[in-house]
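A single chain comes next, written as structure tokens; it is the form predicted alone.
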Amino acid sequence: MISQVFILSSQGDHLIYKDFRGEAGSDVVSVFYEKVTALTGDQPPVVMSHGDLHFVHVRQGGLYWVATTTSPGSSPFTIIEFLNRFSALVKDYCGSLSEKSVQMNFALIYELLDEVVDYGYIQTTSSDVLKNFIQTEAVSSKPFSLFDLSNVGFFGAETQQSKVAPSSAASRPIQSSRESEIFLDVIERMSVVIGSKGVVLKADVEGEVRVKCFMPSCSEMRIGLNEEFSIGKSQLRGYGAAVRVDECRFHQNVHLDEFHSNRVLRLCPSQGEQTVMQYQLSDDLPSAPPFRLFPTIERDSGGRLLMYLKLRCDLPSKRFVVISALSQELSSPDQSAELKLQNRAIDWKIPRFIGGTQLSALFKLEVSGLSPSSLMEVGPVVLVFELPQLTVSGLQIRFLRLSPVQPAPSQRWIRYVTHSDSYILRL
């Protein structure tokens, strides 16, 4: 049972507040923000208590999504799942999750809350059910136009603009869509630790297949994966390039009757965004890590710390990377570096890194009390990057079909993206 739901900005600004039962005072917003900001560490606890009042919150879109309850029998896991689904619902109806979009669509969000929760009891978070009751139109900061290709994203082909959708194509409200479109994302996150001698100590990949549907009605969608896709240690079937994952989970609406024989997922998607499949691969990547670091750390005659870093990208030459890694000399003018004393780190930013190339940087630091043992304390290097049009696991979408064939022409877009979740190189 939920007493209140409210949304706060990262600075504690009150954006949305709804009291369903009148069981708590009006000062709960300030009490929650004081408790969150008083905690040390990057990730505060999800559940906190203040007397008989319990706060449950998640962070989505840089905002705090908070629910309170006074019922001792309320499950925190149920409330966390509700907050995640409600934030996804707001994203579907508003187009994006940000402080500005919440402020511009506060009337729509209040209408959603009225339909989703009744006197503290959760009713539904299904967009198929809610579309019959929600009347408020979303307000978008920038009108979407399919013909505006000034900001081209990574949906579709690499070079033909007729087969590429704008990067904002999938970030628009489902109510305002006049196009019959389906967007399918294969998103992977890498967690890699590479030792000082270049040995891979840990390599994990977590991925998901995500669908966002703008079609008012779609009877069935069929998603074809690699024919050589296997789960666990099952025997590979020899049709093509092997793709193996350790674990795999499917959405409850996915039918798997064709998966074991043809590697085809069948589902009837609802309007909005949903995760069709999640998978995980540990310690046995099909290819080498995309980056290698060759460091040289020493002390010069003037007592300064010299760090010479050579970063190599082992991707194919046609690939490029959007990367941000941890008086200076850089190997190209478009790079930048900044010394952040508060974090005791150097921020080396590389806006674009072509596969098969190598970049270098020389950092000279004045460090008081520098000793030979101090050189052992330098590091590690943490990379933050995005690899467009690439999956580390090798998972590919063979086809995306609608059955039966829709009477109106439909657009289908597929994107592959790999992010760094934690990519650490020890010096």
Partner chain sequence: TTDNQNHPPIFELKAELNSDKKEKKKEAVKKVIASMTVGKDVSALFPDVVNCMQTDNLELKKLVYLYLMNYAKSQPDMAIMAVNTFVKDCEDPNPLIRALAVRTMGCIRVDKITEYLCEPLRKCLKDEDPYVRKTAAVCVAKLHDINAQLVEDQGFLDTLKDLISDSNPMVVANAVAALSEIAESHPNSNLLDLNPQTINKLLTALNECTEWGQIFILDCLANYTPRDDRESQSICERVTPRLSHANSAVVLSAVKVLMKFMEMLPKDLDYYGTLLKKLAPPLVTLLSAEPELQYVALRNINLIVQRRPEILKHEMKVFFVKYNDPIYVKLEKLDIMIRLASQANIAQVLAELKEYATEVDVDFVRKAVRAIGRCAIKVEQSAERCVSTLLDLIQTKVNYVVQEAIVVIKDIFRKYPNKYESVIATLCENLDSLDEPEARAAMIWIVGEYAERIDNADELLESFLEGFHDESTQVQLQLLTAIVKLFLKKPTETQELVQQVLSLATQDSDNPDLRDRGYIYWRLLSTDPVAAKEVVLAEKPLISEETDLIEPTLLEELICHIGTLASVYHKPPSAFVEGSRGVQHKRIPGNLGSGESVESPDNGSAAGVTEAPPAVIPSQGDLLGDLLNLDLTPPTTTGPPPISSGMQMGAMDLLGGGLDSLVGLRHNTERSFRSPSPPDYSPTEVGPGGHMGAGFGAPPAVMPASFNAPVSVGLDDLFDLGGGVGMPMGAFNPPKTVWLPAMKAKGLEISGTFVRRAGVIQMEMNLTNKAMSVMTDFAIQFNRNSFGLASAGPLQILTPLSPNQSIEAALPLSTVGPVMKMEPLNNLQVAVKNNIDVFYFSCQYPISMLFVEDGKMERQVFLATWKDIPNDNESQFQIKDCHLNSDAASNKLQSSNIFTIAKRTVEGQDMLYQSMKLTNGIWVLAELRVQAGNPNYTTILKSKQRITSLIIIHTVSERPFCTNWNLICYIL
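Numbering follows the first chain given and starts at 1. Quick caveat: nothing in here was measured; it's all calculated off a predicted structure. Each form is matched to the other, and the largest set of C-alpha atoms that superpose within 1.5 Å is called the rigid core.
We do not show the form predicted together with the partner chain, though everything after this point is about it.
Only one of the listed residues (S287, T296, S261, N343) places a non-hydrogen atom within 4.5 angstroms of the partner chain in the model of the complex, and that residue is N343. Screening L365, V58, I397, L362 for any heavy atom within 4.5 Å of the partner chain in the model of the complex leaves a single hit, V58. Contact annotation: E81 falls within 4.5 Å of the partner chain in the model of the complex, judged by heavy atom distances. R249 belongs to the set of residues with a heavy atom inside 4.5 Å of the partner chain in the model of the complex. Looking at T70, you'd find a heavy atom of it within 4.5 angstroms of the partner chain in the model of the complex. The partner chain is not shown here, and in the model of the complex it never comes within 4.5 Å of any heavy atom of D128.
Note that among 298 to 306, 112 to 120, 352 to 360, 262 to 270, the stretch whose heavy atoms approach the partner chain to within 4.5 Å in the model of the complex is 112 to 120. For the stretch 281 to 308, the set of residues having any non-hydrogen atom within 4.5 angstroms of the partner chain in the model of the complex comprises only D283. Once both forms are overlaid on the rigid core, the distance between the two CA positions of P72 between the shown form and the other one is 2 angstroms or more. After superposing the rigid core, the C-alpha of A107 moves by 2 Å or more between the shown form and the other one. Once you line up the core between the shown form and the other one, the Cα of V417 stays within less than 2 Å of where it was.
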